[in-house]
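One chain comes next, on its own, written out as structure tokens in the form predicted on its own.
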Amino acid sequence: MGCRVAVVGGTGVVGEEMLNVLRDRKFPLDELRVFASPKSAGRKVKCGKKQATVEEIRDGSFKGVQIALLAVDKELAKKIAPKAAAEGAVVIDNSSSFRMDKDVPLVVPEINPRKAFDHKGIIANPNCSTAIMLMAVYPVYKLAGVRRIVAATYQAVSGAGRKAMDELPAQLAEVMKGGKPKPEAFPHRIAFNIIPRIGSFDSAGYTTEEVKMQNETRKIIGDPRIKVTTTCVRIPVMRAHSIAANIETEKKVTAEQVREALASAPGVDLEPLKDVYPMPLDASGKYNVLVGRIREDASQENGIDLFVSGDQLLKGAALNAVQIAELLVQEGLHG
């Protein structure tokens, strides 16, 4: 069965990746429509054998559309998603606008695929670091339960959009020439630096990115008892995020048992023991996340340490959204 799909924000970084993933996975497109800002209207966009002319959104734009993939900021998503759903589309939204809404399922297909069919017109795509981390954490949860996660992220500039991806190499070049670049996409220079802040701070000192990871982890796994604390850090890497996760399990498990569970987990590539480990350079452009550095926590009895790297634009965004769309199509859009 073919499907009539709209990609909203189709000329942005994530939107372009959505089109690439639709093409590469041979998604059954009957019709493709692409929406973007007025400055992009009229451009021709290809997705395999399908071609679309970029349009502006107007009343009735989503009539006849079955699935709308949204790759826009949260304020725009708040306006567009309900409108698209009201006009008959199932919306898969990549922003943070609806993730914690009790009536909106938050879905990672390898973890909670049936939740996709609990929607009322809108399905949320998780935060990029949350999705990548949970690809490694969920197999451990199934194996031994999880009481607590302590995570530090190493997040690529792609998470801040095209402007940030342009700024990193420009700053690197300027610094190498002895210059002092002025930061624009970030609050501080990113070249040869790390910034331990992603998002705005709350009264407790956590950033919005850290709070997202905490809350979304519990919702996706479906266990409100899990305690999560995170420190999210921006690093001068182009497009793959990495996470160091310390997992306190309910039952005692060995590193070998965890390795066996991860070896058979969908969407995971388990790295060998020796001097091969997950790195953003290797994870970039890959659908699967890379997991390694698995070891038993020397500081507590029921603890596992691991490291994961995954492409922020793929499993952290576009790929996960298209996988949700594939679930819907496989079940005739209704489950």
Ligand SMILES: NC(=O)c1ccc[n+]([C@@H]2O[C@H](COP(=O)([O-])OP(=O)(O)OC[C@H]3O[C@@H](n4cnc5c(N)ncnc54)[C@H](OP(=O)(O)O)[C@@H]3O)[C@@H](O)[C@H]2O)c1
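From a predicted model like this one, the values you see are computed outputs, not experimental measurements. Note that residue numbering follows the sequence shown and begins at 1.
One more form of this protein exists, namely the form predicted in complex with the named molecule; it is left out here, but the text below deals with it.
Quiz item: Only one of 92-100, 199-207, 221-229, 252-260 gets a heavy atom within 4.5 Å of the named molecule in the predicted complex; which is it?
Solution: Going by heavy atoms within 4.5 Å, the stretch is 92-100.
Quiz prompt | Contacting member of A36, I67, V268, V45, with respect to the named molecule in the predicted complex [4.5 Å, heavy atom] | solution = So the residue touching the named molecule in the predicted complex, by this definition, is A36.
Quiz item: P181, G121, G161, P109: which sits within 4.5 Å of the named molecule in the predicted complex by any heavy atom?
Solution: Residue within 4.5 Å of the partner: G161.
Quiz item: At the 4.5 Å heavy atom threshold, is I57 in contact with the named molecule in the predicted complex?
Solution: Yes, I57 lies within 4.5 Å of the named molecule in the predicted complex.
Quiz item: I324: heavy atom within 4.5 Å of the named molecule in the predicted complex?
Solution: Residue-level check for I324: no, no contact with the named molecule.
Self-check item: Non-hydrogen atom contact D73 with the named molecule in the predicted complex at 4.5 angstroms
Solution: Residue-level check for D73: yes, a contact with the named molecule.
Quiz item: Does the 4.5 Å heavy atom contact test between C128 and the named molecule in the predicted complex come out positive?
Solution: Because a heavy atom of C128 falls inside 4.5 Å of the named molecule in the predicted complex, the answer is yes.
Exercise. Note that the named molecule is not shown here; using its position in the predicted complex, name the residues of 302-327 with a heavy atom within 4.5 Å of it, in sequence order.
Key: Residues within 4.5 Å: Q312, L313, G316, A317.
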